[in-house]
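One chain follows as structure tokens, the form predicted alone.
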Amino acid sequence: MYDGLKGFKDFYPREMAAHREVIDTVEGAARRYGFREVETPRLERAEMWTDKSGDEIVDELYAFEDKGGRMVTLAPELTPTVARMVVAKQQALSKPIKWMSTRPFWRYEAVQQGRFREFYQTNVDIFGSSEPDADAEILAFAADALVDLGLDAADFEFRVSHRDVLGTVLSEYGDDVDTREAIRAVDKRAKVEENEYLGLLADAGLSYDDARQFDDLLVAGEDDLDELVAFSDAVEPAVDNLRAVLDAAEDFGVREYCDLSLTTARGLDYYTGVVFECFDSAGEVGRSVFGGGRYDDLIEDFGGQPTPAVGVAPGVMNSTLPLLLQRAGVWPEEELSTDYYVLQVGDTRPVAARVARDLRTAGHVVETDVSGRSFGAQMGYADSINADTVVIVGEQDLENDEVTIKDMASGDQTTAPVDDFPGDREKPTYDDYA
């Protein structure tokens, strides 16, 4: 007997039915905005991550040397992969490029609620537009997907920030400040105690007093961005861009979900402009549900022409989005759905197979016996798979040129001419023949 690996989860049919509904809903929202589906390799060169974040990130990857002597890794995220794809065919692709993909990713990290070592995300990205409208469209897609899943403004909020606001303010404290490490500290602000947070800022090169002032500026700026401009004129372009994105979000109908939150940083190094994270408004899901933002330099870093980009990645399985849906009471029912079960009694397989085939051709979910079971066993199985209608094809029925139609919800049944079932009806049921 083998046990599954820690951080990896099996999904049985009933669980998977609920997850499939979530995935289809999120992807459906993306398709309405014109995002086109792509598929990508699971295995990539490890340097796509180590070149940007340093060799120490290997400890967080499922990385290994392959038989060709290359250092490769199971992809921990999609953004570098789609950046590589854009670079490969940049001149041939119409701009803006709007892509989506749902697939698994892998990170070797501590397992906790809503965080597994294998998880699934729906990634949605726009390449080729630096306009605030592109940022707002990503926010609008994300909000629409959550509303489609049954959530409303009382359930979630987008905390919106700007990486250049943080970077520019930090630059006022001198060249000795490690901006990357300081932004990483801001990203951890809500996850650690205050003294530890200030200590992380100090490790990045800020004095204790400067760290305190910097944090106070961020908090004050959330109420009045002009305070940041008063502190440093250099921050004005980033503030103007942040305001423009929020104004566009208003026009896109999603401003009500957006809260200005300059202490939201997003930890990944490639973010460059507006960033945001989705949180449970009730606070019961303590971690970020998902996040996204702008990464205008990544295509150029990968050898392509300068290409602005912005994206988001809701985690649809093994992640915190299912936790939010469950908390809000809108998680899809974990149950199977079957339109018809064609039950065989005696030597009736040719007719039963024809009936099942005709129903499937009409687009219905149909099961029939493949195990030689008794009448009672077949009825029990039909009930277990939530069959709406059972079509009984029995020897006695066929002697009368009939089949029996049983409605599983009411238990009522009647007969129908075998040559007229299913006929040209879209979805024949008991009511059509009673």
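As the structure is a prediction and not an experimental result, all values here were calculated from the model. Quick note: we count residues from 1 along the sequence shown, nothing fancier.
Another form exists, predicted together with a further copy of the same chain; not displayed. Remarks below refer to it.
- Residue contact with a further copy of the same chain in the predicted bound form: residue 251 places a heavy atom within 4.5 Å of it.
- Proximity of residue 305 to a further copy of the same chain in the predicted bound form: non-hydrogen atoms within 4.5 Å are absent; the residue sits far from the partner.
- Using a 4.5 angstroms threshold between heavy atoms, residue 44 counts as touching a further copy of the same chain in the predicted bound form.
- Contact check for residue 231: no non-hydrogen atom falls within 4.5 Å of a further copy of the same chain in the predicted bound form.
- Only one of the listed residues (206, 185, 275, 134) places a non-hydrogen atom within 4.5 angstroms of a further copy of the same chain in the predicted bound form, and that residue is 134.
- Residues of just one listed stretch (136-144, 175-183, 161-169, 231-239) have heavy atoms within 4.5 Å of a further copy of the same chain in the predicted bound form: 136-144.
- Residues of 101-123 lying near a further copy of the same chain in the predicted bound form, listed in sequence order, are 104, 106, 108, 117, 118, 120, the criterion being any heavy atom within 4.5 Å.
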